[in-house]
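What follows is a single chain, given as structure tokens, in the form predicted on its own.
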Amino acid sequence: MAENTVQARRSLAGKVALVTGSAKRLGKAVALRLAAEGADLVIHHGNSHAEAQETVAEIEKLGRRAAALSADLRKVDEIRRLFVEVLKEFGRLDILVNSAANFLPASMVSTTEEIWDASLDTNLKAGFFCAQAAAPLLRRTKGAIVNFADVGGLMGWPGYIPHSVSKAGVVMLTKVLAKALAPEVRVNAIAPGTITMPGDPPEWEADFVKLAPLRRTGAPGDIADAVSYLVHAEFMTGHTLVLDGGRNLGPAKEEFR
């Protein structure tokens, strides 16, 4: 009886989720998890048309509805058009996951205005204006937003200055949105780090293992688990959940005793 109650509570049947950047990689893993829990999905993509259609097909095999919608999230008018299409296609929205991002290397010397704008527009500006466009729909359904921050936004990486700044902004954006949209809409974030995916260079995993006290890398399933938790965590808002195997704590073993 208790197990059935928990399963019913975690069901997303009848709900609609939009996951930005969900044609592939982590966004896709999150979309598939939400579909497996019963949600219908909007698969947003930029130019990954083929991958988006493949993801739609996988979701439909799970017995859920899905639609692939494209938009350039660096442009506010495109964001607004995207949400008009979501309402037209599904009639509602319950969950917004802002996972679309880029990861551009840029140091103090190599940072250009173009890199700065590309990082901030995609990683921070887009998340705010997606939330702004989604807010009227989410208020109706008492929905939830999950933003993707990054451990770079907590630790600060001098080789990725604009990226770190943009992701630090996501942490604060999550807090102010949580206050602005309460009590109808909950807003939380995850901050992944030391995550690898199939096809990533093996040296990445070896390096990440050294950086994480847990001595292993994370997987897409770990990210999907965290997003699912935040979607269902009805008494949590304004929180950033760190998923990095302890990397942000510093070296796995103390260098000085």
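Numbers for residues come from their place in the sequence shown, where the first is 1. Between two forms, the rigid core is the largest collection of C-alphas that superpose within 1.5 Å. Values in this document were obtained by computation on a predicted structure and should not be read as measured data.
Absent from the display: the form predicted together with a small molecule. The rest refers to it.
- Proximity to the small molecule in the model of the complex, defined as a heavy atom within 4.5 Å, holds among 224, 195, 36, 67 only for 195.
- The three residues 107, 164 and 247 each lack any heavy atom within 4.5 Å of the small molecule in the model of the complex.
- Under a 4.5 angstroms non-hydrogen atom cutoff, the small molecule in the model of the complex has residue 26 among its neighbouring residues.
- Residue contact with the small molecule in the model of the complex: residue 48 places a heavy atom within 4.5 Å of it.
- For residue 73, a non-hydrogen atom is located within 4.5 Å of the small molecule in the model of the complex, even though that partner is not displayed.
- Taking non-hydrogen atoms only, residue 148 approaches the small molecule to within 4.5 angstroms in the model of the complex.
- Per the 4.5 Å heavy atom criterion, the small molecule in the model of the complex is contacted by stretch 96-104, the sole one of 178-186, 132-140, 96-104, 109-117.
- After superposing the rigid core, the C-alpha of residue 201 moves by 2 Å or more between the shown form and the other one.
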